[in-house]
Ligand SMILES: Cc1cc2nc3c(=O)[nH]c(=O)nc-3n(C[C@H](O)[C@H](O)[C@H](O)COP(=O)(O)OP(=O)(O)OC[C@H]3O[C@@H](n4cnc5c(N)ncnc54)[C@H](O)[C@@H]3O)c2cc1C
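Starting off, we have a lone chain in the form predicted on its own, written out as structure tokens.
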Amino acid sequence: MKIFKNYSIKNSLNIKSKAKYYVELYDKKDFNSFHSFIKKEKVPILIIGEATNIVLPDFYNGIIVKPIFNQFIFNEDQKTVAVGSSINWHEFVLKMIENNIIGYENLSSIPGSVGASPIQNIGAYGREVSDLIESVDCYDYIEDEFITFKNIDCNFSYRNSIFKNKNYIIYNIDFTTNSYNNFNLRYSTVQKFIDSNKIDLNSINAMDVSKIITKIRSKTLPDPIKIPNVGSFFKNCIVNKNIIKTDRFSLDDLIIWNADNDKSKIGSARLIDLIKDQLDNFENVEIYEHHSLVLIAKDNATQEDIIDFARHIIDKVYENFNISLEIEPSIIFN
């Protein structure tokens, strides 16, 4: 275990943020030392991976913890692979593709670490990580105990899981290696790309699908290394269509998918597109020109700047549609 004081925290929004303490954990043996440390300090605790889905304050008056576990171990008998939580997600996807394992290619190029993937139940282009997880190994730093959650115990739902707002440090995830035999190419954006580029489906492999997904993503979602962002800032909305206001815009103006018998999923990007001309200009944050769910932080952006702009968007969407947008990344307060 390594402990640093007043440490600058790298994050994909490039917010100039420091933490009172920054702790790196390298081995399961470190958890006991960590538990003793937090009992003595008695301050807030935040677990991070690559900080690609959080909005940090200028100063976090607590302990930021980064687990550094890099194992990658196949279990042929169980048809699983044990993956350390600090491995970069896209590098993990490429590793699975190299080993001829199907099912991960649609999740290519999602920023962040493996350990963060079950927390938000990351998903893209017709696949969610919950489709691929066998179990998740955690350490409860309050109770000082190790817990393994089977998939069914994780309470996975749309961009949600049991791991949100819990005292868990995820250090390993067991992923399945034999769940799928065929590619999932049903997502409309993927179909359009295949059709427009006249791609022969009989000759593509998992790496080809991964490259297709990466090209589609790059057209609408900026690389956080080049343009500071946390990906989609708002979730798609699941509401009863009967509550939607239609005095300014009709239902035909919206993108709507059926979620279940009573509710529908509403495309939040379209909602924002329709009210863009009603938004005020903010000095240090703006909407990405190629995707309305993405907020771009400029050089001097603070957490306050980003939250203020997000709330402004939420208010305008609610005013026009009677729909409440929900923020997707975690907002970290002191």
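Note that residue numbering follows the sequence shown and begins at 1. All values derive from a computational prediction rather than experimental measurement.
Only in words, not in the display: the form predicted together with this ligand, which the text now covers.
(Q) Under a 4.5 angstroms heavy atom criterion, identify the one residue in K245, K215, K263, R159 near this ligand in the model of the complex. (A) Flagged contact: R159.
Q) If you check I97, V239, I169, V190 against this ligand in the model of the complex, which one has a heavy atom within 4.5 Å? A) Comparing distances to this ligand in the model of the complex, the residue within 4.5 Å is I169.
Q) Does N53 reach this ligand in the model of the complex, with heavy atoms at most 4.5 Å apart? A) Yes, N53 lies within 4.5 Å of this ligand in the model of the complex.
Q. Is there a heavy atom of P57 no more than 4.5 Å from a heavy atom of this ligand in the model of the complex?
A. The answer is no: P57 has no heavy atom within 4.5 Å of this ligand.
Q. Any of the heavy atoms of V93 lying within 4.5 Å of this ligand in the model of the complex?
A. Although this ligand is absent here, V93 would stay clear of it in the model of the complex, with no heavy atoms inside 4.5 Å.
Q) Might L293 be said to contact this ligand in the model of the complex, defining contact as any heavy atom within 4.5 Å? A) Outside the cut-off, so no.
Q: Pick the stretch from 123 to 131, 204 to 212, 142 to 150, 180 to 188 whose residues have a heavy atom within 4.5 Å of this ligand in the model of the complex.
A: The contacting stretch here is 123 to 131.
Q. Relative to this ligand in the model of the complex, which residues of 204 to 224 have a heavy atom no more than 4.5 Å away?
A. The stretch touches the partner through R217, L221, P222, P224.
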